[in-house]
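Shown here is one chain on its own, the form predicted on its own, set out as structure tokens.
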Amino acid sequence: MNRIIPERTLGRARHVLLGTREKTGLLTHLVLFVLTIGLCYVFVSPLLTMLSMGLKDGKDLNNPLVNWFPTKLYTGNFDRAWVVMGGWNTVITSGSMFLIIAAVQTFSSAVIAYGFAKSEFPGRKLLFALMIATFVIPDQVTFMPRYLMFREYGMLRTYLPLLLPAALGNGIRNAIFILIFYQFFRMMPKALDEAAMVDGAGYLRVFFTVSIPLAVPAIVVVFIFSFVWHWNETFLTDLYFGNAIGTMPLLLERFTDNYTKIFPPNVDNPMAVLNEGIRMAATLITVLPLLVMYILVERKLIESLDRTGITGE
């Protein structure tokens, strides 16, 4: 009897710490909590650093005793960074341009994927393999022929070098978007398409009335990923746009030169000298639209990721 009681006690303690098939143990909860806090710190720490340094004046930046919390809130860094970044004009220009491109790329990806998933035609496998190859080949290999082609057609310094490839299914990361829709359309029951065709619907009507309403999770994922990847793209936008169109990431790359032009060095006003606080303020302004968009669509995005099985990058 004396041996049974300790064994039962150890068994209960083991179940409490390690858990059972029906219930998660305390130790598992603790490990998950620590990992969650660590991951949150990894992702949130850069944002907090940018915010903290952006709110410091020159004295706090040069004071080694001031770390996270400034002695006083100073918004002059954000004011100057906002002016150098172009203000609302740049936000509206970048946002509207990339929203249109993301919408066009989402629609074209859905159409192409529907054709691959629902139709049988000669050369289908070969075209599908070539489409996947466009994702494997890096943009650095193909940018020069594209640049020469767009220059020949007089499309440089316009939106067309990004808009036309997106409309034709060959935009930035377009292959992975087609694969997302392709997998989603392949999982749809064929009985739905057959029932619509029995009622007299053609391929286009089935696509718009049956497939597209069911593919809302894939549409959400593709649209958001397309917008974010176009927003963060600086190599191709700098190559195609030059100085004609200034997106926020592009202006962030040219921030130092633009700042010295707008705010030339002035001995009488040392606070206007470019410092790390102003740079951090400009960086935070650049990523803020993406953060706002994520906050607005966070619940719908997570639901869509669960249903499509895509984790992103």
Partner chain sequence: MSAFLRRHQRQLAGLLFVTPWIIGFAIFTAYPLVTSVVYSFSRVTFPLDGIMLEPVGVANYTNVLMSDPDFKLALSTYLTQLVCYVPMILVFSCMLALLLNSPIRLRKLVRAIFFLPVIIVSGPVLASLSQMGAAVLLGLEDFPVYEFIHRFVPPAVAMPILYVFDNAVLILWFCGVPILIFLSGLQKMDRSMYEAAMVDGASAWQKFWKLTIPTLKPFFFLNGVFSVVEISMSTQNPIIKLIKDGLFQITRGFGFSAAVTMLYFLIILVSVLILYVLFGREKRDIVAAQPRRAVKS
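Positions refer to the first chain, counted from 1. All values reported here derive from a predicted model rather than from experimental measurement.
What comes next is about the form predicted together with its partner chain, which is not displayed.
J.: Residue-level question: is L274 within 4.5 Å of its partner chain in the model of the complex, judged on heavy atoms?
T.: L274 lies outside the contact set for its partner chain.
J.: May I ask you to check whether H29 falls inside a 4.5 Å heavy atom distance of its partner chain in the model of the complex?
T.: Close contact exists here: in the model of the complex, H29 approaches its partner chain to within 4.5 Å, heavy atoms only.
J.: Is there a heavy atom of L39 no more than 4.5 Å from a heavy atom of its partner chain in the model of the complex?
T.: Judged by the heavy-atom cut-off of 4.5 Å, L39 is in contact with its partner chain in the model of the complex.
J.: So, in the model of the complex, is T260 in contact with its partner chain at a 4.5 angstroms heavy atom limit?
T.: Heavy-atom contact with its partner chain at 4.5 Å: absent for T260.
J.: Under a 4.5 angstroms heavy atom criterion, identify the one residue in I137, V83, A195, L73 near its partner chain in the model of the complex.
T.: Contact residue from the list: I137.
J.: Using a 4.5 Å heavy atom cutoff, which residues in 135-168 contact its partner chain in the model of the complex? It's fine if the answer is none.
T.: Contacts from 135-168: F135, V136, I137, P138, D139, Q140, V141, T142, F143, M144, P145, R146, Y147, L148, M149, F150, R151, L164, P165, L168.
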